[in-house]
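This document opens with one chain alone, in structure tokens, the form predicted alone.
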Amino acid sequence: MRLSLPGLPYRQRRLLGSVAALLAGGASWSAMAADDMPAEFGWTTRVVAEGREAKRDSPFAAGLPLTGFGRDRYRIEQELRGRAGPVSLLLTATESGQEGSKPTGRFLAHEAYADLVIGGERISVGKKQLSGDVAYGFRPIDVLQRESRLQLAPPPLEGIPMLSWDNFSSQGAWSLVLANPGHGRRGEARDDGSIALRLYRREGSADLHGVLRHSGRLGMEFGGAVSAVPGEALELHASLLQQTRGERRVPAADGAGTAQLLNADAALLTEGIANPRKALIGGTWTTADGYSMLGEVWWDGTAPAAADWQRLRRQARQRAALLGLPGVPAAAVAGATAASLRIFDQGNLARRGALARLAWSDSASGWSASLDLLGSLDDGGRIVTAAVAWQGERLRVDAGLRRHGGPGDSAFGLLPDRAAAFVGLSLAY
């Protein structure tokens, strides 16, 4: 197999080429050693370009030059995905660039794990993607991967270091997962050391899911989800999670003086929450001619409230008013304003959210299209996303447009980007 690696520095091409050669040699051995686990490898080149329009009247204007908001960007990914014997891999070498910054390169093993049978028991060890839930826009019981949903042209998920004991039957499965072994509390909840039990069972036309996780940061988390198909065209799903503890980023309390407003470390606080809940209910209607309509509503007890977004805007305006005053460094205003924008890094911004999605696909022609409306029922903010895609035998083309709107003190209305457009090309070898 010949691999083409356009658009990457020589070191990355050489490294991935060496890995591919090593795996190809190991693949031959694995295929001969285990007929039921043949070696399979695929190479994909992916190019994604994004154009972003910043809000000129954003209350965060002073801090935007220190962030990536409003900047056009691109990335070129070389992806090797496959399996040799018990080993599964997903490796990428990425070159990425952003308007006003120098391009950077990165090599990452998104997944690298082995499925083994030891003493008659199935064991998985390594780094693996651990997403799990039945919902689309928000996934309450995704307590291990903690995937941020509805991103625009996202890169592949990075897996979690783990050791799992798995059991499968004709009607269900369960896994006992030790995630991030040896870790204590790290920067984000997904990086913490934890132990979790994941359950699955098939009952008639319904899929049942359960999860129980314990970590030092959040204590016990337990929940369940169900997806049922009462008819050929209709699917219904629901998900519920209860946590012992939760946390979220929120702006500092009102009444801060000038010194505190200019302190980047105090711009946001991590607030603890006792016994928060997350819940979602939704459904999908699918027609015979390729159309589908999805609707979901949810509650996320760990997302910022409407009052938090109002306070964020108020404090941004207070910082902006300090510009030009004697003794107030412009750099301090910019730094504190930029630090406050980390509140948008949280996976879910809408405490009470709703998603409506209309999609169409035609397998014969390879075309598909979708229109999403994401709304915050707390404050009236909204995000509209339109996308179209074409899938050929090896080539896939994606394009889309997203626009943020709503009241100026709403979660989505405060986003510093007014709109974003993307185009992506993916070629499989």
Partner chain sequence: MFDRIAMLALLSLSLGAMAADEGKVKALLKQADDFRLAIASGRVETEVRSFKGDALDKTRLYAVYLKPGRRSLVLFRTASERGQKMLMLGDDYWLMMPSSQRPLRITAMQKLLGEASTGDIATMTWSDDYDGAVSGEDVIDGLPCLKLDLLGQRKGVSYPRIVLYLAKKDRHPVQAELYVASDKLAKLARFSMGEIDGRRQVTVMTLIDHLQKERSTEVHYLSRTGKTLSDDYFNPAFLVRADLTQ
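Residue numbers count along the first chain shown, from 1. A quick note: this is a predicted structure, and the numbers were derived from the prediction, not measured.
We do not show the form predicted in complex with the partner chain, though everything after this point is about it.
Contact between Gly223 and the partner chain in the predicted bound form is not found at the 4.5 Å heavy atom cutoff. For Gly366, a non-hydrogen atom is located within 4.5 Å of the partner chain in the predicted bound form, even though that partner is not displayed. Ser124 belongs to the set of residues with a heavy atom inside 4.5 Å of the partner chain in the predicted bound form. For the chain shown alone, Asp133 is a contact residue for the partner chain in the predicted bound form, at least one non-hydrogen atom being within 4.5 angstroms. Exactly one listed residue, out of Thr104, Ser169, Gln151, Thr270, brings a non-hydrogen atom to within 4.5 Å of the partner chain in the predicted bound form: Ser169. Contact with the partner chain in the predicted bound form, judged by any heavy atom within 4.5 Å, is made by just one of Ala253, Ala331, Ala259, Leu234: Leu234. Figure note: of the listed segments 270-278, 213-221, 299-307, 114-122, the one touching the partner chain in the predicted bound form, with heavy atoms no more than 4.5 Å away, is 114-122. By the 4.5 Å heavy atom rule, the three marked residues Glu40, Arg81 and Arg202 all count as contacting the partner chain in the predicted bound form. If you take 390-415 and check each residue for a heavy atom within 4.5 Å of the partner chain in the predicted bound form, you get Gln391, Gly392, Glu393, Arg394, in sequence order.
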